[in-house]
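Quick heads-up: it's one chain on its own, the form predicted on its own, in structure tokens.
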């Protein structure tokens, strides 16, 4: 390409929902003590960014918004193949909602000089709100294409394919553009030992909200999570009896039919 391709990619160090624990007495889910990991969809975004860099040249910058531990997500992005990493953080990071995260990513985007292409996972593994990519594009006033399954670069534009179940929609967007991608787009590579070792030696650039042009009061949450709880699902506790397996099966069928679950 005539110009060096600049690709940005957002990564989130989110809650590992597969390892969360619930208090059966209260129904509350303990998120504070849950382990964290890089959001699965963001790994796909990083992989796609690296593949595009490998094919077209340029650089890949991974950006995360969060606490100090979010460096682990950046380390993984570097191990996959990102060239540099940026952490946007502050003491109030745990209160930031999707609006604040989108504003901080947009601020980092501007502070770092802008990107031709910016990739975001279409949703995070823990919350899956699907709002950060579109909100970031809105903050920047640039194009955004959601739920992308294939990316092709043509000159200073992208052809983005979207799977609409019964048909495929192809959208052409000029740079700069934000794309949100899902897991169908690729299979992220498993970094080698040497790649992980090199990534561990790279330092992430650390930025605070004022560094990206944002005052703390502009990041006040508009959405507050009051609690996370396991939904109560009352059970019918229907007892089935019969002298034979056939009689028990018949009783089960009648019980299911009464609930409208079988014809």
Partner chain sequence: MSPERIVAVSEEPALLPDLVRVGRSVGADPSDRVVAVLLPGVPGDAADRARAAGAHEVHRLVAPASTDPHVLTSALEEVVRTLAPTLILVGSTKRGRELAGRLAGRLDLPAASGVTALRTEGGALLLDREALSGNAVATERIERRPAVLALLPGTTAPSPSVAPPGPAEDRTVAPVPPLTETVEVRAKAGGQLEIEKADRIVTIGRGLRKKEDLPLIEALARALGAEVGCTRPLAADAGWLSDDHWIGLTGHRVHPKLYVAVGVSGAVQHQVGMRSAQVVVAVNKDPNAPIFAQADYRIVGDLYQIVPALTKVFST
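This is a predicted model, so every value here is computed, not measured. Positions refer to the first chain, counted from 1. Here the rigid core means the biggest group of C-alpha atoms that line up within 1.5 Å when the two forms are laid on top of each other.
The next section is about a form of this same protein that is not shown, the form predicted together with the partner chain.
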The partner chain in the model of the complex reached by all of 47, 93 and 190, non-hydrogen atom within 4.5 Å: no
Just one of 82-90, 113-121, 181-189, 67-75 has residues with a heavy atom within 4.5 Å of the partner chain in the model of the complex, so point it out. 181-189
Which listed residue (225, 194, 215, 32) meets the criterion of a heavy atom within 4.5 Å of the partner chain in the model of the complex? 225
Spell out, yes or no, whether the shortest heavy atom distance between residue 237 and the partner chain in the model of the complex is within 4.5 Å. yes
Would residue 206 count as touching the partner chain in the model of the complex under a 4.5 Å heavy atom rule? no
Is there any non-hydrogen atom of residue 146 lying within 4.5 Å of the partner chain in the model of the complex? yes
Please check if residue 172 has a heavy atom lying within 4.5 Å of any heavy atom of the partner chain in the model of the complex. yes
Quick one: once the rigid core is lined up, does residue 18 have its C-alpha move by 2 Å or more between the shown form and the other one? no
After superposition on the rigid core, does the Cα atom of residue 83 shift by at least 2 Å between the shown form and the other one? no
